[in-house]
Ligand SMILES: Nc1ncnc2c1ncn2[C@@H]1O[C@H](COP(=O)(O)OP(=O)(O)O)[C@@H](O)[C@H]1O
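Just one chain is shown here, as structure tokens, and it is the form predicted on its own.
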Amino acid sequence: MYESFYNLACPPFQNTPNPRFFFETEQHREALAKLEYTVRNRRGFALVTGEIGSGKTTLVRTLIRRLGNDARVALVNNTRVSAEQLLRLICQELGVEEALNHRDKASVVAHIRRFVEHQAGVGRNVVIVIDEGQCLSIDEFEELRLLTNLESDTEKLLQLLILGQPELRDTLRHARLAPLIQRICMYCHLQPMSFNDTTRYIAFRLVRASHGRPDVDFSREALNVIHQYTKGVPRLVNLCCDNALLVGYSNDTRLIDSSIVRRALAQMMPNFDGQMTDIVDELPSGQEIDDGRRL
């Protein structure tokens, strides 16, 4: 709607896990390198946690793009299923269609094993990515642990990457999952972005979405308000900036200052309990001179 007004080729702040908009903070770069190392060196099991909207799914989508034809990937994000249904979802994602014709779990697992061994024979990794891992039951974790038993004398034949919110760590402390915990070769927790990373993130997405140079400026004070409200969580930053651009467009201005951002924040959600407006009103207004300093 506002793209042409700001010289943009596409919306810059869509909340979709598009690898094209993957922004490499130091921690995201490190996490991506660790995940790629785990897969390419067949280390077995890696775990990534982070708050809602911290960029876990975009991180793993970027990894999948990097792996390309070197891997067959099953990306499972529906984790509110039974252990047997989870195995069938993995088969569907990997394209092991013949396994779906069998009702008994043993046959399904046998087909997965043959598939994994064949892929290893042609030099290709098999990767199972579980998103929203905090929703998995103990029985489902047990099934995944058994799959990680697929190995040769020298390496793991199946790579397991689990992403989840911080409460996932509490689930993994269960006594029955001690054997699985011992197999984690890499773990990282994604923190919210700092103010500097948030400003760079906003600039990065604007440039990536533009025809060359975006025709829009965020003032320093506007950036302060965005970071204080969102706490540096990428999903919230996207939501805030998208609404701010819309408010700027409706007011025929290409300078997104603190007043524009505050109006955007006030309109982002229905005021169910009266707290949203209070939060916006409590954000510091800063000094007027700050609104002259552009991004």
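Given the structure is predicted, the values throughout are model-derived calculations rather than measurements. Numbering starts at 1 and runs along the sequence shown.
The form predicted in complex with the ligand is left out here; the points below concern that form.
- Contact check for residue 57: a non-hydrogen atom falls within 4.5 Å of the ligand in the predicted complex.
- Contact between residue 242 and the ligand in the predicted complex is not found at the 4.5 Å heavy atom cutoff.
- Contact check for residue 201: a heavy atom falls within 4.5 Å of the ligand in the predicted complex.
- Heavy atoms of residue 36 never reach within 4.5 Å of the ligand in the predicted complex, leaving it off the interface.
- The stretch that touches the ligand in the predicted complex, counting heavy atoms within 4.5 Å, is 45 to 53, out of 259 to 267, 223 to 231, 45 to 53, 245 to 253.
- Annotation: in the predicted complex, residues 17, 23 and 235 each come within 4.5 Å of the ligand through at least one heavy atom.
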